[in-house]
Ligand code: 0PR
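Read the single chain below, which is given as structure tokens and is the form predicted alone.
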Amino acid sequence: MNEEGMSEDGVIKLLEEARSMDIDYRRVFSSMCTIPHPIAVKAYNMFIASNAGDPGIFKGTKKLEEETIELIGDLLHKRDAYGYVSTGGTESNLQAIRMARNIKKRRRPNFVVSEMGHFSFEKAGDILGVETRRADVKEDLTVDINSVEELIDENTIGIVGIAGTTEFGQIDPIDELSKLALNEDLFLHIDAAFGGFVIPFLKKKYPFDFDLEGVSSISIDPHKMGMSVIPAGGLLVRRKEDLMDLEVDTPYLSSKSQYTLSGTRSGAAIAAVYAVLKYLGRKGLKKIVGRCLDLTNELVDRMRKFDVHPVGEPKMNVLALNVPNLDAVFKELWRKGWCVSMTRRPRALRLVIMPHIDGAIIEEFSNDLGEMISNIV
């Protein structure tokens, strides 16, 4: 660090140089994040110095968070749910497993999640000292209930259902997991980090939320299809007493205790989430989801002309394509500036059609991909 600071213009120039290295979102098909809604940015800037971790000082921020949880809870069939705005799915998932561990108090705790579950569950198991057991999936890439049952034993603290898998956008049979959780007296956490703001607006109905009696907690990310700023996730629970199992004393703050993972928390992220939900409402969110689904279907139709088909029919705006010469095509796509990713098993080209994608980009991308498939032998 220099003794003397730089000029503002000098600092801005350095920032602009760094920003120019980032890839424009319009060519990004690999991310589940997107450009935040303008009202989210305005709200964020208004609350830029707000610390939600000190609610006695930032009372307005606390009020906004309570109302935000109410709004999200209403979307998930429980307006009176409890919870808080987290940094994202990883924190929410970790906290859910921590909650289950603290409730069940097993000597050698384990939890069961699909092999398609997010890598955050490996982090949660490692940090919390809880064994992560991966259940098999069926041909449609949703979790096999029989495999889940086989992995449950006297030390199992909970099970996890995925409502929108990161790689394939599939939805586990949450209704069956709910029955299993009730029968086995287990905590059931639903990872709806991506699907939480998509599934409620699908034409086909998939039970996945608090409408199912066995669901204990849900993670849902407003910074994905909720059009908010990064980072902004959400952890919602059915029972307040479960959330209290995360509490620790905070003797030198304006509150007596805290159940969040982070101490200092961004009030700006909370305000941004609140603003978007109030501004868009259900109709606005549904319109955004519908547009992304239309573009997803358009891309599928375009690729079928090149005899390229999806790995199963996409349930939401996450698409995996069976592309020939995948490694070569993948490398060429990146060379041409397209940000794409690959699934692990089965291996396929993975695409996420987020709100920053438009029809012109779909046409340009599909033409490029079709040409590569035709030329790469």
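Note that the structure is a prediction, hence the values are computed from the model and not measured. Start at 1 and count along the sequence shown; that's the residue number.
As for the form predicted together with this ligand, it is not shown, yet the points below apply to it.
**OP:** Check, residue by residue, if Ala100, Asp209 and Arg238 all come within 4.5 Å of this ligand in the predicted bound form, counting heavy atoms only.
**Re:** So, no: the whole triplet misses this ligand.
**OP:** Please name which of the stretches 197-205, 115-123, 280-288, 245-253 has residues with heavy atoms lying within 4.5 Å of this ligand in the predicted bound form.
**Re:** Among the listed stretches, the partner-contacting one is 115-123.
Original post:
Ok, Thr166, Gln258, Thr156, Ser216: which has a heavy atom sitting within 4.5 Å of this ligand in the predicted bound form?
Top reply: Comparing distances to this ligand in the predicted bound form, the residue within 4.5 Å is Thr166.
Original post:
Looking at Ala81, Ala193, Val148, Ala275, which is the one with a non-hydrogen atom within 4.5 Å of this ligand in the predicted bound form?
Top reply: Only one listed residue qualifies here, and that residue is Ala193.
Subject >> Touches this ligand in the predicted bound form: Met32 (any heavy atom, 4.5 Å) >> reply: So Met32 counts as contacting this ligand.
**OP:** Indicate whether Pro173 is a 4.5 Å heavy atom neighbour of this ligand in the predicted bound form.
**Re:** Because no heavy atom of Pro173 falls inside 4.5 Å of this ligand in the predicted bound form, the answer is no.
Original post:
Does the 4.5 Å heavy atom contact test between Arg350 and this ligand in the predicted bound form come out positive?
Top reply: Close contact exists here: in the predicted bound form, Arg350 approaches this ligand to within 4.5 Å, heavy atoms only.
Original post:
Any chance Thr90 has a heavy atom within 4.5 Å of this ligand in the predicted bound form?
Top reply: Although this ligand is absent here, Thr90 would touch it in the predicted bound form, with heavy atoms inside 4.5 Å.
**OP:** Select from 214-236 the residues with a non-hydrogen atom within 4.5 Å of this ligand in the predicted bound form and write them out in sequence order.
**Re:** Asp221, His223, Lys224, in sequence order.
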